[in-house]
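Here you get one chain, nothing else, as structure tokens; it is the form predicted on its own.
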Amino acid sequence: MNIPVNLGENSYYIELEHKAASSFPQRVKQLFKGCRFALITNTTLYSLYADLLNRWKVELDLVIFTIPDGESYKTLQTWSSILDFLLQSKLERSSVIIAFGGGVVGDITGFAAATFLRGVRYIQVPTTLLAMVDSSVGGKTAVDHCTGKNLIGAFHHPRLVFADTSFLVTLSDREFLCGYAELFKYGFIGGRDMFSFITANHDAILRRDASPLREGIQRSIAIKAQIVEQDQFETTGDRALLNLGHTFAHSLEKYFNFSEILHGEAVYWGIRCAVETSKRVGLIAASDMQAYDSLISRMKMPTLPEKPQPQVLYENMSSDKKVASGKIKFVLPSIPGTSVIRADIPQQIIISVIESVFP
């Protein structure tokens, strides 16, 4: 199945497949005739998929570079090491870089592609649920900084996203839940029909039932593609809706030094905080309260290393890239399937939300 992202000269397709990895080299050679290829992945994935990647290496005559696994390595130092490798491999501006991995690999490879020789083409091959439904689509590339998440980066759209759902088989339950957090998010911004779909299929997707999982991935990608088409460079405000729960989440990740909690786990907690905030500021109508409470009560919350300090979490939010004119922006649910952006939430309400949500 092909899902288009219509962005004029930056347009591309997300090809949603199953057990199609063996056909990837042929597909790539058709699209990028006569080009040289480099593939970036991490050490864990290279170990898991060594046979497949080595076949790709032969068929595409590509060079492979591995980076350490984990968000804590999403740094300028790792980005620089990728650039060193690309330069040492004598790749040219016509070359194509392949990101094979989850959100960290995709983000940092995309940023390397955006800056290598002033910009080269790249392909996203997401191997996690989180990357398939969110980070591989939309052209946001970045690395983290000690003061916050994704603060150094660029908009650089892939030329192809090749999403093979068979890669999800190797995901641990923890990694799968992380991806589901981003899929779950679309229930709050993708319209009432998506809210109803998530409500009806929440448990089945967590069980990894094939049909609802694939439909959930397809729906999520289509929703994100539509939002990105409306606001390619996050200038009109529409695209900010994709950050539902992320103001809380990024603060939580920073609190735990980008190492003790995974991004999707933080997003899951962030969504719960966003819903609670909406309740306290009156964004959720009384007639919709039961629907929200029923869904939120079924969330399987990830374990945290410790209870975070509310004041520190709030202070972390001030360095979030979504801050504008000194005001912290929150994406908050309202009508089921619809969220709004607010920058007027008093500090005391956010502190009280954090105190009530975290155990």
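These numbers come from a predicted model, not from an experiment. One-based numbering along the sequence shown. Just so we're on the same page, rigid core means the largest C-alpha set that superposes within 1.5 Å between forms.
Beyond what is shown, the protein has a form predicted in complex with a small molecule; the following relates to that form.
Judged by heavy atoms and a 4.5 Å cut-off, are 45, 48 and 107 together in contact with the small molecule in the model of the complex?
Contact check passed for all of 45, 48 and 107.
Sole residue of 135, 247, 277, 220 within 4.5 Å of the small molecule in the model of the complex, by heavy atom
Contact check passes for 135.
Sort through 270, 216, 103, 190 and report the residue having a heavy atom within 4.5 Å of the small molecule in the model of the complex.
If I apply the 4.5 Å criterion carefully, the residue I get is 103.
Given a 4.5 Å cut-off on heavy atoms, tell me which of 284-292, 91-99, 70-78, 194-202 is the interface stretch with the small molecule in the model of the complex.
Stretch 70-78 is the one.
Just to confirm, residue 211 within 4.5 Å of the small molecule in the model of the complex by heavy atoms?
Residue 211: no contact with the small molecule in the model of the complex.
Is residue 130 close to the small molecule in the model of the complex, meaning a heavy atom pair under 4.5 Å apart or at it?
Because a heavy atom of residue 130 falls inside 4.5 Å of the small molecule in the model of the complex, the answer is yes.
Against the small molecule in the model of the complex, would residue 167 count as a contact residue? Criterion: heavy atoms within 4.5 Å.
Because a heavy atom of residue 167 falls inside 4.5 Å of the small molecule in the model of the complex, the answer is yes.
With the cut-off set at 4.5 Å between non-hydrogen atoms, does residue 224 touch the small molecule in the model of the complex?
Residue 224 belongs to the contact set for the small molecule.
Does the distance between the two CA positions of residue 253 reach 2 Å or more between this form and the one not shown, the core being superposed?
Yes, because once the rigid core is superposed, the C-alpha of residue 253 moves 2 Å or more between this form and the one not shown.
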